[in-house]
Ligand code: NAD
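One chain comes next, on its own, written as structure tokens: the form predicted on its own.
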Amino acid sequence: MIDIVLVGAAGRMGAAIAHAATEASGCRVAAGVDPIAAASGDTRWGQSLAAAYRKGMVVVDFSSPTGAVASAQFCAANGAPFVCGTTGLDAAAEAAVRDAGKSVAVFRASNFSIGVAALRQLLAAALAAVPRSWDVEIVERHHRLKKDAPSGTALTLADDALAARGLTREALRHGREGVVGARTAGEIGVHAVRGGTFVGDHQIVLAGNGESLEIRHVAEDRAAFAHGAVAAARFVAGAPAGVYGMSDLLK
């Protein structure tokens, strides 16, 4: 049995992962940690990863950028396999999470759904097939309570497009307002929509002269991500030190 200690247990993804683990064989959430909820008087969750952790557990973090870095450092110091799905990390936090892979198995993904993994493959194939002159725009939609924008998945898709075009993040255009002039050939648009109860909706538009192509993935339930996170926990439980992602899980 693989025991998971879930950091960010009181959140939407935490609840979805806990439910998914009950449906998975050989895996369970043995402890939940959520300092914010615990500090508010919710006695279901622990305040400290150190207090909840027992040797042999897999740490799964869907908390906050600060929490993810703390979890990564704890895992590296204690030899715990680590799954991180927290989004909104800046470059320094991302580096800190990945640095734990020098000591333990780290599974890092901004999105754990099989459909988004397929979307990334479709994007790579489409970019290879259309002329470089075609414009790339990414539109993502999430619920009104999501704190970071654009979503981690949108940035991952943008990074895929940038790599295919040989560009850096300086080429990203986050929204447009006013008289911005004609669209430049070397920019990739990224646009965030917030409202309602969207679980996750990512659309990529490739636009050429007189024609366009759209690729889209819609997550209708967080279970699409939660089952992937549980599978990732099972994966890192037996993996050597290193940084892994969805492509490794789907091999």
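The first residue of the sequence shown is number 1, and the count goes up from there. In this text the structure is predicted, and so the values were computed from the model without any measurement.
The protein also exists as the form predicted in complex with nicotinamide-adenine-dinucleotide (NAD); that form is not presented, and the subsequent description refers to it.
Are all three residues 13, 62 and 66 in contact with nicotinamide-adenine-dinucleotide (NAD) in the predicted bound form, where contact means a non-hydrogen atom within 4.5 Å? Yes, the whole trio is in contact, each within 4.5 Å by some heavy atom.
With heavy atoms only and a cut-off of 4.5 Å, decide whether residue 53 touches nicotinamide-adenine-dinucleotide (NAD) in the predicted bound form. Taking the distances in the predicted bound form, the answer for residue 53 is no, it never comes within 4.5 Å of nicotinamide-adenine-dinucleotide (NAD).
Looking at the partner-bound form in the predicted bound form, is residue 36 within 4.5 Å of nicotinamide-adenine-dinucleotide (NAD) by any heavy atom? Residue 36 belongs to the contact set for nicotinamide-adenine-dinucleotide (NAD).
How about residue 112 - does it come within 4.5 Å of nicotinamide-adenine-dinucleotide (NAD) in the predicted bound form, if we only consider non-hydrogen atoms? Flag for residue 112 set to yes.
Answer with yes or no whether residue 146 is in contact with nicotinamide-adenine-dinucleotide (NAD) in the predicted bound form, where contact means some heavy atom within 4.5 Å. Looking in the predicted bound form, residue contacts with nicotinamide-adenine-dinucleotide (NAD) include residue 146, since a heavy atom lies within 4.5 Å.
In terms of non-hydrogen atoms within 4.5 angstroms, which of the given stretches 83-91, 98-106, 124-132, 165-173 touches nicotinamide-adenine-dinucleotide (NAD) in the predicted bound form? The contacting stretch here is 83-91.
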